[in-house]
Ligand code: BG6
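The chain below stands alone and is given in structure tokens; this is the form predicted alone.
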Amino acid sequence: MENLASNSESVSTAMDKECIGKQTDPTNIVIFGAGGDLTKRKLIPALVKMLRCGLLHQESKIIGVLKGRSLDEWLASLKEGISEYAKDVDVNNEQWKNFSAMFKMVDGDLADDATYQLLDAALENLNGFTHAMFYCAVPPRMYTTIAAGLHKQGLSDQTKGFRRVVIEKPFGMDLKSSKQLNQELQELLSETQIYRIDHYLGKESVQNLLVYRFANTILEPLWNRNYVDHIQISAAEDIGIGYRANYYEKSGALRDMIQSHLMQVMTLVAMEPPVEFTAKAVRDEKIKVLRAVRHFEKDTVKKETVAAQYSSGTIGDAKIKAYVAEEGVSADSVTETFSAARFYIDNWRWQGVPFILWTGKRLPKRVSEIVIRFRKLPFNLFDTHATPPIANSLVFRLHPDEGIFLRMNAKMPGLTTDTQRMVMRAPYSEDGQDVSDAYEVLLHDVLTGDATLFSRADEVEESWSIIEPILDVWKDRISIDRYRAGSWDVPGMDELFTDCVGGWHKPS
């Protein structure tokens, strides 16, 4: 084994790395659904870390819109969330006092015009502007309601400062609903004001993929159909659905992960070099990839996709109950908790190269990877040996232990020419402490107006149009294959990789 990351080339300290970036302008940060789990677990911990690092302007205000709580009760809940989800932040000193002084609260119903009148009055003039970011930490059905309330009260008007609205996935549940949502929002807001957030793209390792690709000449000559056999993009989870049964029963793994997260990563892997690193240029190249993806036909769905559901099993020492035994799940549910699909990008660079995207819950471990599997050797000098050379693989580990792994062949020590498999490792971070949370990255991007990592309306609709044929076939199923919780033995996966060099890469 060889570690390719030289200690002499590491960048300063973890704190220095974490704090690199442009400080935002003083902004009114408005959170709709401020009493919810997303706010407590992700948004507030991210904001307090940004403040600590100087990325969030100390004169900014954080305005929570919620109902049925006092300001003190809300702050106590947020303090509890910081203690649990931002353990490196001490909430019992002057730092919490300064942070909590930034908070204001608007008590009101999101469907009530009076709430937006109160919100208008709560926005503060900060250094001559009333910049505002509106974060919709609410169910998707409320997005249009909020946009309409902002529009009616004049809160979307940008004459006194920028006004940006952040919405979380899912951006619709199919092509029709995504088009409807986009149309409704664009009637009330300009497209440049809408930030469709996908926390997966905020991962440092996903962003670093662009740097690896476009800042290193060693990779680009190999990044095409002449050298690449196939590409696997995966997100394996050992957890179940938790409290999300109501959502997951309607969604399933295909909608939840592949249509959004993994297809977005696929565009970054497959895109052509943009002419400049701007939001428009990058997103223009991403949409070109999506438009080149071959659409599924009804008769190809069965052989080019996999759907399965976990049954009872064991992960570590824990006994896991079946998906159909989870609270809120129907006993006869055929919702997939594992999904895979084989995509083809019909363009000059990638013609004939399978892109296989897969995701699943209750698998043996939690790990997300991009695996670039190269073609076999044109002629193998060592094919008679006990351990024949394997096809090379370049693995981008997105989570955990972010970094790059290059799988190669090397000679075994000794007097023979027997080969062994060697992995050269380049960890993205020395200790994992200097990797920013995705929400820190994305909130900072919204506040600075950088939309590069956010989905545009045409991207969302194009991705839904690609998987629509799969959904059409799957909606009529009356049964589903099952895999044992804690096992990689998923029916249909080996067949999906039949003609792929090396077969299915099960993360280790």
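Quick caveat, the model's predicted, so the values are computed rather than measured. Just count from 1 along the sequence shown to find any residue number.
Beyond what is shown, the protein has a form predicted together with the ligand; the following relates to that form.
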For the ligand in the predicted bound form, the stretch among 77 to 85, 197 to 205, 94 to 102, 414 to 422 with residues bearing a heavy atom within 4.5 Å is 197 to 205
Just to confirm, Met257 within 4.5 Å of the ligand in the predicted bound form by heavy atoms?
-> yes
Please check if His261 has a heavy atom lying within 4.5 Å of any heavy atom of the ligand in the predicted bound form.
-> yes
Proximity of Glu237 to the ligand in the predicted bound form, heavy atoms at 4.5 Å | yes
Taking heavy atoms and a 4.5 Å cut-off, does Tyr344 contact the ligand in the predicted bound form?
-> no
Does each of Arg283, Arg294 and Arg456 have at least one heavy atom within 4.5 Å of the ligand in the predicted bound form?
-> no
Let me know the one among Lys361, Arg397, Arg163, His230 whose heavy atoms come within 4.5 Å of the ligand in the predicted bound form, would you?
-> Lys361
Only hit among Arg141, Lys303, Arg244, Lys298 for heavy atom within 4.5 Å of the ligand in the predicted bound form is Arg244
